[in-house]
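Below are two forms of the same protein chain, given as structure tokens: structure 1, then structure 2.
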Structure 1
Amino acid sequence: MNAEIIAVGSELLLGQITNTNAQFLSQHLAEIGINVYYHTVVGDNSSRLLDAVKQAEERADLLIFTGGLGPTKDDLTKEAIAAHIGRPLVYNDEALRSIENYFKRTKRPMTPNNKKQALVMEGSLVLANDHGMAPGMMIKGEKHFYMLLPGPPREMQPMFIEYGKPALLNVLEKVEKIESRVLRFFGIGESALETEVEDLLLAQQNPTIAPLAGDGEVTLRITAKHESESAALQMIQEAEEEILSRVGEYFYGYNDTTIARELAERLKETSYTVAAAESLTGGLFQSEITAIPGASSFFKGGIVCYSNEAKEALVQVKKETLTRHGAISAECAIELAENARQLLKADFGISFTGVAGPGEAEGQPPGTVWIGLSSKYDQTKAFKLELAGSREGIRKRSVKYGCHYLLAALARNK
């Protein structure tokens, strides 16, 4: 079964609220093997809603609507769908009693338009609203199923879980599980990663592999569909092993993790400690690391040394280094990392220096970044980056690269 989710409400198009309902429904539909290929948003207008319905009927077996079941004149979803499939609207006695009792309990007058919320399509399966007034409904037309749900998430979500999802399970001939796993990569671009796995992308059927780039990282989402959950997971595992055999050196974690979180986990596992000296990033690395619970077990501390005076006074960078090579240099990055490690008695020291923009500094263009990495166990190194983008983007990606280099160093010193 293929589904299309149609959110009804001009407030969505105006950007006044976010359409979280579509995300919620897509996740739960995937669990029972219903494919969602389209999300549609349409305003409170009958003719445009009907246009959207006709288009959805060309590409989906199941149309799920959210919103437009309330008491006002712009709540028109059930009226439009009822007219479209030729079903009259009738009052549902249970829903009407529930609405009347609500007004009695709250000692408020019930206006005539509230009665409208108890109308349902004749012959539909009524979905009780345990958290609001307007019931939902599901009905089978000539060729399609239609499910109507309220717009407020606090009403829609429990209604779908308690009544909508079981109703769909009753009409599905075969229930398949859709399982997904996201592999996260850093240090390789989207085009380079895609080139490495291009043959897998071209041959994909089940499981499918979808690349996505964002914020200096690349992900691959592997999705498998099978009646057996364990079989679907095995299909994903086999695809993952093939992918990692090619680009495993850039892989750092799964699903919603972050590279800073993975670094923290590795530091906890190894009992190594780290200290930082930050110029370019202004404490951003320290902020990312200390946001993770348990950071006190591996993070010794850090120094923000934005000016040359601070680099000399706080991190003991030699004046000669700054005079001969400048703050934006490998030599400065190395001294910052080594001195931070020694001053704070850590196993590893990391430093960030460079120019984030918008203008040049020391004759260096924006995006020129040096990251120093010092350890008790290896020679101190400095890594040069030439990044593009906004000032904030350069700073954030610099921190991610720092985490990436630290993870690699930890892997070498297991």
Structure 2
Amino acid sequence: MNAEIIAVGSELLLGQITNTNAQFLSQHLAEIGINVYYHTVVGDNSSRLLDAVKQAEERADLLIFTGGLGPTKDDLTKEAIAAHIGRPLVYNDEALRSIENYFKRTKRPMTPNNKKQALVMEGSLVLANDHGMAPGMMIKGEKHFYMLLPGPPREMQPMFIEYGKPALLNVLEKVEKIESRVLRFFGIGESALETEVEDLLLAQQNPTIAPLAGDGEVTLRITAKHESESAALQMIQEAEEEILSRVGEYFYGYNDTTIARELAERLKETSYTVAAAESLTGGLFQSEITAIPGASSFFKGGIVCYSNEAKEALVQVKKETLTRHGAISAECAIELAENARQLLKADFGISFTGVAGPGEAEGQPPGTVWIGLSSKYDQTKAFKLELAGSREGIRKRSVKYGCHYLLAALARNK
């Protein structure tokens, strides 16, 4: 089965946004063995959209559309496709209810144009939108399958994973199963990791092993094909074991997880608690671990001690420490981590202090970072980092290092 991905939206042609949906869908279609030979982007214009559809019908079996399902006059994908394949649009009660509930919940007046979002092609499989209003749909025309998905990635991605991908697997008479697993690593560079597994990368046929680097992390995607799903999974398992026997110390999780989420899960399992004092990172560490549902079970709270007054007043850092060593010092990081832990009666205390940039501070260059780690079990430590990159990059990678150190400490104190 060959697919073409058609993104509809003038904002793409004006360069206001980039077409990340095509990348996301291409990855998942490749996983289930659907070939993608073309991506097309077309504006909010019926006749040009129709031209793109006719063109795609000549070269693909499956047309996947993103965008143009919303309430406004610009949103015309559904109407254009329905007219093209001659299916009437009918109201979908479930979608209509969820749209009405959305406005009830948000206590906002429901303007008439919103009702339009509940229209679906008669006879289509409706794909629920769990993160927005406009439902998606899949329908079989005379010769082609058409799947319509919303444009916003936060609506489109879960809809495709939850409902779209399973619907496609249903219509595929597939013999060969394709299984895939991503291993995530932190604390090792891409080339260093590739050197460790170079022979595997060179020898790869099935399973394939694809490295990818970004945001200070490296991932390896293992993909195996086999008639039997269990055999494919077994092939992945063996490749994973070989890889982890070499670079396991840097491995932190699978697929789309994050190091903050893995830390949160380990804390839940071990029922240890953590408190934080953040200067450099300004609350980023705490906001990331509290993004995880159930964070209250392991996180009591912390302080964002951005100024020296705050370090003294809220975290009781000694004035002498700040005057003698400065705020960007091992001594300050250690006091912050210890005092945060004791103030919140937590098992672990972590602190972040340093220079995010763009300018220097206390005569130290951007990227100078001290992370303090205090616990009931180990002696309090301070880790120094010298990071390169933007202010935001330095803040984000500092938080990842903090999670990395905490995960190691949890492993030691299992």
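C-alpha atoms forming the largest set that superposes within 1.5 Å between two forms make up the rigid core. Because the structure is predicted, anything quoted here is derived from the model rather than measured. Numbers given to residues start at 1 and step along the sequence of structure 1.
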{"item": "Number assigned to the form predicted together with another copy of the chain in this pair", "value": "2"}
{"item": "Rigid core fit then Q286 CA moved by 2 Å or more between structure 1 and structure 2", "value": "no"}
{"item": "After fitting the core, A22 CA displacement of 2 Å or more between structure 1 and structure 2", "value": "yes"}
{"item": "Shift of A356 between structure 1 and structure 2 at or above 2 Å (CA, core fit)", "value": "no"}
{"item": "Per-residue C-alpha deviation between structure 1 and structure 2 [P153; rigid core superposition; Å]", "value": "11.9"}
{"item": "Rigid core fit between structure 1 and structure 2: Cα deviation of E31 in angstrom", "value": "5.7"}
